[in-house]
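For reference, the chain that follows is the form predicted on its own, supplied as structure tokens.
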Amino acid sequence: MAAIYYFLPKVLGKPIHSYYLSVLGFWSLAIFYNWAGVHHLIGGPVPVWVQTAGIAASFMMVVPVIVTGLNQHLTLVGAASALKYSPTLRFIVFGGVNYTLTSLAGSLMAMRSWAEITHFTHYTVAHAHHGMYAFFTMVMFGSIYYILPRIILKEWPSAKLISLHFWATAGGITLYVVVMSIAGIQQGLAMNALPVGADGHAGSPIPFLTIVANTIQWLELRTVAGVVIAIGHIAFAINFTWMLVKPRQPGTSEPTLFRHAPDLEVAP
């Protein structure tokens, strides 16, 4: 979050929309997030009051999430065209949007009725990757694209590789989260289902191995998503290594951009 709050105004060359919203977002996050993780223990061997406190904190997390998302969005208003040019901005905005989405999804998971379906399924796996990769990792990639040239005094060799890195990782993690979320919901519904027999009475639960077998098609799509993400990582590794070994050019060069932006002052 600190990286987003730094690089968003830095790249755009304008202040963050509201300092007071930033303060509200920070303290509400610091207060509520400490308890929010407890919602993963719903139905587990912990006191009910602890679970209830975690549920309440998870729903209160909507406050910092909405405040932060609003602050970032209003900062970007009027300068969204910079996304066409700045690698750093493209990565951190993607990460910021997914911070909002994954946090709201986390609050939804705190509902006991929803937790009964999604706990111990692929849905939780999707949620974990949504936060760790779509938010955190993408913001860190954007930070690297800004910081590294200023440390070693070189520019990134290829804007095309940066573009490939972004679209492959963004598309791959989006596919990953979507297919694993669908798989988890189907899996949870099946594990809770009691088919009704011909006599009108509840029958036997669906065999667990049958439920597992029904998720294979989604796991195959997960593999496709992983391969696409790996392509993006390879593009980043090539660009990173190329940057390190290439000779330093004398003088000061323009920052690495996807394309020339004559009327837009943005850093990479």
Partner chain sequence: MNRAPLIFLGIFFALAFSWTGIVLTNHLSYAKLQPVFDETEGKAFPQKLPGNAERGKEVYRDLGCVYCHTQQVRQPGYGTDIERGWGERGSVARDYIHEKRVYLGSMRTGPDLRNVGARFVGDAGRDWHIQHFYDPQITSKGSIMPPFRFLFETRSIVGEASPRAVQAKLPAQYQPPAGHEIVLTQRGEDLISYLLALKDPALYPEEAARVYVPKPESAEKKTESAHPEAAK
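Residue numbers count along the first chain shown, from 1. On a predicted model such as this, the values are computed, not experimentally measured, just so you know.
From this point on, the text means the form predicted in complex with its partner chain, which you will not see here.
Site annotation in the predicted bound form: the residue of 238, 221, 41, 230 reaching within 4.5 Å of its partner chain with a heavy atom is 41. Here is the short version: of 179, 105, 170, 115, the single residue with a heavy atom within 4.5 Å of its partner chain in the predicted bound form is 115. Using a 4.5 Å cut-off to its partner chain in the predicted bound form, not one of 78, 159 and 164 places a heavy atom inside that distance. The stretch among 94-102, 135-143, 122-130, 170-178 whose residues place heavy atoms within 4.5 Å of its partner chain in the predicted bound form is 122-130.
Put simply, residue 205 is close to its partner chain in the predicted bound form: some heavy atom of it is within 4.5 Å. Heavy atoms of residue 225 never reach within 4.5 Å of its partner chain in the predicted bound form, leaving it off the interface. Residue contact with its partner chain in the predicted bound form: residue 242 places no heavy atom within 4.5 Å of it. Among heavy atoms of residue 83, none comes within 4.5 Å of its partner chain in the predicted bound form.
Contacts between stretch 163-192 and its partner chain, counted in the predicted bound form as any heavy atom lying within 4.5 Å, involve 186, 187, 189, 190, 191, 192, listed in sequence order.
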